[in-house]
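What follows is one chain in structure tokens, specifically the form predicted on its own.
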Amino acid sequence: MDFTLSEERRMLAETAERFLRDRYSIDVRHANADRDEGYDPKLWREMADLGLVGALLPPEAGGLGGEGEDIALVFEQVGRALVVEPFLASAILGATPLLKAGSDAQKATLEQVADGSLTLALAHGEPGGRYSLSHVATMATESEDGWRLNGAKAVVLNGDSAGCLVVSARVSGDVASEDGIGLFLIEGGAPGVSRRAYGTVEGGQAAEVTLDNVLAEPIGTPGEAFPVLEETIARGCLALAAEAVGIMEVSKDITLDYLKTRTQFGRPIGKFQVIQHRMVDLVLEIEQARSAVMLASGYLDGAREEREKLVSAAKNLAGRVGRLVAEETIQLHGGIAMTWEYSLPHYAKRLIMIDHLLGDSDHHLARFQRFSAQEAA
């Protein structure tokens, strides 16, 4: 498999890197996170105009790419700048169900997602569900005027500011069954929708969503949505793993610069061999995580077992290596790494949060083992 970037992807990476370097300092990031929406809508539209959102969607949806390599490329740059704008929530988790199973009219709305005029959010997680994809207690009931949803969703990323919500609800079966799950599209401000927003520990935004007899539009065939949901989460896991690689690279560079300037006993602490060994170990682990992301990106549109196995491997490494990088870089800095004004602790918090989003390292290790066994059978 050839992992060399095409000319178009190389230009996209350079455009994203240059724009975020010039326009997205850590202070801008903090200011955006403090806004009511949890991000800057104007800056989001500028990013969309540059094609950064469209790169995550295929041409038939008004995008420019949409393949695994495009997702990995964009999200590595998102991680390097610690971007809080809703790339994951809207262009990946919210858009994928419409892309894979939506009607023509629903797919047409993805053009608004690509140009930044509409944001989406996936409301799937529920209290008590932990990381299980099939745990859905929210109920969907067909009535004379359409489908009605009742239930509660937890930790909906950018759920308070999203123009539309993609909601999972059970049509039939027990609460843990893969069969009987449907996906539905509702307007964020529809009657019966209650959204309570809150900030997450690393500066993001999420919401608790309560649904009280909400009229909803089905996405695809109600009751047969689990494969679409699984593919959606796979794309989200790849995006998070790539974001983690970008964060780890910046954390490593910040730490190397510090080790070259911080002196002890009349010499830079980076000259001490024990410190050098610790940094070498970090570099090796980061490169291993990067390789896993590259491999998963190449098989994202492949067979289910191969896709899920490789995506879980990448997410497991992102979580495990990310925690190591967060701990080591903070320890190598000492007290300065615990101050708000310094950028490193914000990168570290995001790395820890990434491990817990869409399944932690232990969860994905178990999935990797299960799908490896299925593939070998």
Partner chain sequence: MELNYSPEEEAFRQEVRQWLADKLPKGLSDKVRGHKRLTKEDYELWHSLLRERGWLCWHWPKEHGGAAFSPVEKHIFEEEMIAAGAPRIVPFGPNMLGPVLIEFGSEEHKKHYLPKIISGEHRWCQGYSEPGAGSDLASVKTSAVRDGDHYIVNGQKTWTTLGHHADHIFCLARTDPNAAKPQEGISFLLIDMATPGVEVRPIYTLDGEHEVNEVWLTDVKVPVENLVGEENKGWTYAKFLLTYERTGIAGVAYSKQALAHLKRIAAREQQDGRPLAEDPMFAAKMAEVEIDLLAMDMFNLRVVSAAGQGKAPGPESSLLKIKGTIVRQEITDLMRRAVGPYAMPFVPEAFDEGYNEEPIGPEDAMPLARQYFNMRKLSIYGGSNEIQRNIVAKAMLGL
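Positions refer to the first chain, counted from 1. Predicted model only: the values in this text are computed from it and were never measured.
Separately, the form predicted together with its partner chain exists; it is not shown, and the next lines address it.
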Would you kindly say which of 283, 155, 250, 190 lies with a heavy atom within 4.5 Å of its partner chain in the model of the complex?
-> 155
So which of 61, 310, 330, 48 gets a non-hydrogen atom within 4.5 Å of its partner chain in the model of the complex?
-> 330
Whether 8, 20 and 299 all lie within 4.5 angstroms of its partner chain in the model of the complex by heavy atom | no
Just one of 288 to 296, 147 to 155, 112 to 120, 228 to 236 has heavy atoms within 4.5 Å of its partner chain in the model of the complex; which?
-> 147 to 155
Please run the contact check for residue 202 against its partner chain in the model of the complex: heavy atoms, 4.5 angstroms, yes or no?
-> yes
Answer with yes or no whether residue 107 is in contact with its partner chain in the model of the complex, where contact means some heavy atom within 4.5 Å.
-> no
4.5 Å heavy atom contact, residue 65 to its partner chain in the model of the complex | no
In the model of the complex, does residue 357 have a heavy atom within 4.5 Å of its partner chain?
-> yes
Sequence-ordered list of residues in 118 to 139 near its partner chain in the model of the complex, where near means a heavy atom within 4.5 Å = 127, 128, 130, 131, 132
